[in-house]
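Next up: a single chain in structure tokens, the form predicted alone.
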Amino acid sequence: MARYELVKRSVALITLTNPPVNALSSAVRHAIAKSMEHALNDPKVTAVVIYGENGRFCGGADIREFAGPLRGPPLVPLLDAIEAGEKPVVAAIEGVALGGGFELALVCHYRIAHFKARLGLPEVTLGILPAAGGTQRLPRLIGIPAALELITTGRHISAQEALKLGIVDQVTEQNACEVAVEFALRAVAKPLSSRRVSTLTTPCPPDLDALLEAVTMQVKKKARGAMAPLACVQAVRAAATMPYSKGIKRESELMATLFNSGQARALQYCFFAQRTAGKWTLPSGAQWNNSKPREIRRAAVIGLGTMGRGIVVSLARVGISVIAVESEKKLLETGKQMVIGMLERDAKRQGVSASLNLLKFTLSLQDLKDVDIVIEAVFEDMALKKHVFQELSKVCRPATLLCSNTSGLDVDALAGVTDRPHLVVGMHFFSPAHVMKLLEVVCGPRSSSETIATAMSLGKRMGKVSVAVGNCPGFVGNRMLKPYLDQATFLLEEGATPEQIDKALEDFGFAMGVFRMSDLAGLDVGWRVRKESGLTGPDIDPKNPPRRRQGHRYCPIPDMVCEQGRFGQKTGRGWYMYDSPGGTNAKSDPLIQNLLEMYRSRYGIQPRNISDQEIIERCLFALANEGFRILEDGIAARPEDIDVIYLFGYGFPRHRGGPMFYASMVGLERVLERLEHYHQAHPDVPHLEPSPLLKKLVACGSPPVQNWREHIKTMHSHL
């Protein structure tokens, strides 16, 4: 797990060998301790270089070990011993130095980084803090403000930024190990006292208390209930106000509070769930590790609206040639200018040239005859999409993949109008497509394993978190969203306000409550879907709309809001009012309150006080309940896939783990009991009736979320 050799006759080279990222497992820690002892006691050795095999210094702790008791030597005494040694130790950083790997680099007396290396302390994203001296050494090295920013965000930095901050001593374009060895030889005669970071005095600004207070308020606002970022601030405060020995003790106490918390378990679950989501399997036995994706060199995007523009930018960013198609010259020119502007702003931020040579804009589908893949991003209308796919079948090579960026339409119906149904797949991007990380890859019943593998691989190449889902109305994300939105509007009928519901959800951890989110997305989007579903339209009396549609309870309030031309931020009025069309500052609108009061009065609804707990339970338990049904139906392969979709596409708070993990943390028995209670109170709301899978899991003793798959017995899967 660590290779020891003598180079240049007097430099001990300790190479970490624990692929893929040389994580600090118990075996690696033991090997480092043994190698360091050997080096420090060998009179032939004058200096030490620590290096990582295969171009990766160290990716940090082995997170899999968090679940069990600590084995092997603890990290803190090991790092203290390296720093206290009387022979210079140089870290040769290539690839990554993250978490415990960064803390290992900090105890080395010198740090040499390859120019492509990335460094950081991402522990906060796992619900913990850097607990091997990271919160105590980094502030001593670079000062309080810079250390606070890196530790509370977990942000990775480049080698160049690390040099500017004073974290590394040299950045090189050569082999970092070879440079570090030469550097170590030159450092032999130099005193080490000033190179031991733990002995340095933390540089503190004169307004330390005010700075820490301001950062605490800022972190509280951004963290939305997450504990780890605030604990990080407290740990850095200790570095500023205590000697190292007491600061490291405070760091340890804070870590103990976080380590076994539900939030830490949730965030670590998220870490592994994201990796699990890429491991899709089809009923045929085809799966992620035995289905080879095609190489994509040339792509086409149909439609240059908001989604199409974002997809074009995402493809061009990763070096794929893109032909963008529009139906009208004016739309084409507008889309072209916006795409070019987005790519130029990107390039300016990165200090590189924009890859505009990869782009071609056209009005003719005939130009697509040689592309490898087409992503259709036209208006969400089935007849229009079918027409596009029929035309693509005539124009494109027989081997070209045809993909639809649809948020919920039947992918198999689109495949049915083509001459290649096995090469058709859904690629549901989230808006804005060049920013949002999630991609739902929708597998139609005739989509081949090669087609799915190609779409998943392309998504990953574009920097997306790709999740394979089955084909049904709304797929996973939007299908689950409907009962969540329905519960919010039912609560409005019963006495709540948009502000109260949004505040409860934002206090839970969402960046935006349901009504603020709807205003941002545009209320007309959902209105159009309801019209197409036959839930509302010209045959509905706008003054006295019925509260039952298609045999179930229905809340017509969103339709009534839209009838008034209130479509959200873009019109300056929605559930809230804004300073102007396009404004973002949401304010309570008395007209909405009047509408609610008139509505309740008209239908004889006596408003009642609704608790925040009821808001959370009805919205989120209904959301999870639909997730259980999706698992029963085989639309998602596992609960981790659902959680990843909600974490990356719908802003579910990471420290809650996702809707399915949250249900398991609350307790499946509790979720079942509350759903039964609410369904009894509202028997005309079918999505409150507990799903058979939830009942089955409770009957089986509520197994951990990772074991649910054993209990999901489906006759067939849509994946």
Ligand code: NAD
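These numbers were taken from a predicted model, which means no experiment stands behind them. Residue numbers here begin at 1 and follow the sequence given.
There is another form of the same protein, the form predicted in complex with the named molecule; it is not shown, and what comes next is about it.
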**OP:** Check each of Gln174, Thr306, Ser601, Gln564 and return the one that places a heavy atom within 4.5 angstroms of the named molecule in the predicted complex.
**Re:** Thr306
Original post:
Which residue, Tyr576, Phe490, Phe621, Phe429, has a heavy atom that falls within 4.5 Å of the named molecule in the predicted complex?
Top reply: Phe429
**OP:** Mark Asn585 yes when one of its heavy atoms lies within 4.5 Å of a heavy atom of the named molecule in the predicted complex, and no otherwise.
**Re:** no
Subject >> 4.5 Å heavy atom contact, Glu94 and the named molecule in the predicted complex >> reply: no
Original post:
Is Gln287 a contact residue for the named molecule in the predicted complex, using a 4.5 Å heavy atom cut-off?
Top reply: no
**OP:** Answer with yes or no whether Asp633 is in contact with the named molecule in the predicted complex, where contact means some heavy atom within 4.5 Å.
**Re:** no
**OP:** Tell me the stretch among 504-512, 382-390, 190-198, 157-165 that has any heavy atom within 4.5 angstroms of the named molecule in the predicted complex.
**Re:** 382-390
Original post:
Heavy atom within 4.5 Å of the named molecule in the predicted complex: which residues of 307-327 qualify?
Top reply: Met307, Gly308, Val325, Glu326, Ser327
